[in-house]
Each structure stands twice: as C-alpha cells, then as structure tokens.
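First, one chain by itself in structure tokens, the form predicted on its own.
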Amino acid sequence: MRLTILALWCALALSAQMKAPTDEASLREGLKLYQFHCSFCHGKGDDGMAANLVTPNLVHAPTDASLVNIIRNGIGGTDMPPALGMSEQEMLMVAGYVRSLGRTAPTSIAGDAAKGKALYLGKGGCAGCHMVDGKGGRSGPDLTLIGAMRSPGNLRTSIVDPNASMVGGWSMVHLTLKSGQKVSGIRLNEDNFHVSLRDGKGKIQTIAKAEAVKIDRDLTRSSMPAYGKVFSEDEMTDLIAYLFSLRGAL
C-alpha cells in the first residue's frame, strides 16, 4: 500500500514538473508532428474548425502537464480525440510547439468592444440564442469563453458564413409528426427509436421515431443565419472585438 502511494506521489510530482521543450530543434520537430496529427482540425492554430491555439491561455490546459494529458487522452464529450502513435517525448514536443503559438498571440485587436457588446445585445440579437456568463439563450453555443477558444478570423467566419465553421453537437433536426405537427431543434441525441432535441424555447423533447412521418437532419448546415450583410465593416470589427474579449476569468 505504501509503495502504491509513493509511486502515485512520484507520478504527480513528475507531472507537476513537466515542461515542454523550447529549443529550436524540438520546436521544428513539434511543428512536423503537429502538421501530421493536429492541423486537420486546428489548421495553423488559429484558422481551423477546432479550438484556437494561438492564445497564451488555453482553457483546458493551463500547464504543460495538462496540455500533454489532453494530447494523450483527448477531451471527453468533445471532438478532441486522443493521440495515436505518438510517444511521450513526441507529445511533449507537440505541446512545446503549441505553447510557442501562444507566445506570439495577440492580446488585443482592432475595434471597440463596448460598441460590439451593444451590437451583440441589440442589432445582432445574439443573446436570444447564445449565453454569456449565464445570461442569454440556449439554442446556440455558450460564448462565455469564446475569445480564448477562437481566433478573430474564425469568429468572423462564424458570423459571415456559419456553415463554414460548424460547431460539433449543434446540428438541427426537423420532424413532421403523424399529427401534422412540425418540430425542429438542436439534435441532442438519437438512437434507433427516439430523437432528443432542444427547441427554440430551450425545452428538451424526446420524440419516438414511430410518431414521425419524416425526419430531416441538417448535419452540414448551421441553424445560425449568416450576418455578413447585417453589419457594416466597422460594426463587424467592433462585434469581433467584443467576442474576442470574452475570456471568462482567464
């Protein structure tokens, strides 16, 4: 028992001291590994469909040890999978490269965040679907930490062309029931017999497929409308400045 506790204590101590390499050779190798294993989802770090890595504060990885753990095991309940075919040293080099992206991350961008917040709450009507700090709708993703998770470029794409930047787990499903009633919402879960969805009012419904005469799934089309023509260029810049400022307590 004592040996088990000692081994666990040593493992935790080593984990706490884990440091990603910063030397040039390791960063070059980390880039190669990143391009092979990570770039399909993360792009260059700030232009992919997955989380923004060009930030000094990674939401799920405040330490090098936690970053390596995410690379090794993925993040449950998200699209982030565990690494396959990488050694511990290779994962450390990937972590080192990702950390190097954060050291060059912008801390501020053009635009007036206060004006952007007014647009978010007013002209854009964004709070009707999205939540920030517990306030707002639930039919779209929570944006409380969006500035730490997405780059300014990705935020702009999401607003101008939502279909090009789909967030996993937010596809729509439309059902026509035998009664003639039509029900639409965010698809939460589906099996051979039932479909669970959250409707526009935030209510969760589970509907038996036997009660439906037609089921349409929008797996590649976002429920969010395109706002490219809603905002002027200056307004878009202000709105993105506000969204980029949303970083929770980081």
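Quick caveat, the model's predicted, so the values are computed rather than measured. Just so we're on the same page, rigid core means the largest C-alpha set that superposes within 1.5 Å between forms. Just count from 1 along the sequence shown to find any residue number.
The protein also exists as the form predicted in complex with heme C; that form is not presented, and the subsequent description refers to it.
Engineer: Heavy atoms within 4.5 Å of heme C in the predicted bound form: which of the stretches 35 to 43, 191 to 199, 209 to 217, 177 to 185 has them?
Structural biologist: It is the stretch 35 to 43.
Engineer: Considering non-hydrogen atoms and a 4.5 Å limit, does heme C approach residue 117 in the predicted bound form?
Structural biologist: Outside the cut-off, so no.
Engineer: So in the predicted bound form, does residue 162 come within 4.5 Å of heme C, heavy atom to heavy atom?
Structural biologist: Close contact exists here: in the predicted bound form, residue 162 approaches heme C to within 4.5 Å, heavy atoms only.
Engineer: Does residue 124 reach heme C in the predicted bound form if we count a contact as any heavy atom within 4.5 Å?
Structural biologist: Judged by the heavy-atom cut-off of 4.5 Å, residue 124 is in contact with heme C in the predicted bound form.
Engineer: Give a yes/no on whether residue 158 approaches heme C to within 4.5 Å in the predicted bound form, heavy atoms considered.
Structural biologist: Contact check for residue 158: yes, within 4.5 Å of heme C in the predicted bound form.
Engineer: Judged by heavy atoms and a 4.5 Å cut-off, are 20, 27 and 56 together in contact with heme C in the predicted bound form?
Structural biologist: Contact check failed for every one of 20, 27 and 56.
Engineer: Just one of 92, 173, 132, 98 has a heavy atom within 4.5 Å of heme C in the predicted bound form. Which one?
Structural biologist: Flagged contact: 98.
Engineer: Can you tell me which residues in 230 to 246 come within 4.5 angstroms of heme C in the predicted bound form, by heavy atoms?
Structural biologist: Contacts from 230 to 246: 231, 239, 243.
Engineer: Taking the rigid core as the reference frame, is the Cα of residue 70 displaced by 2 Å or more between this form and the one not shown?
Structural biologist: Yes: residue 70 shifts by at least 2 Å between this form and the one not shown.
Engineer: Quick one: once the rigid core is lined up, does residue 82 have its C-alpha move by 2 Å or more between this form and the one not shown?
Structural biologist: Yes.
Engineer: When the two forms are laid on each other by their rigid core, does residue 215 show a Cα shift of 2 Å or more between this form and the one not shown?
Structural biologist: Comparing forms between this form and the one not shown, the residue 215 CA shifts below 2 Å.
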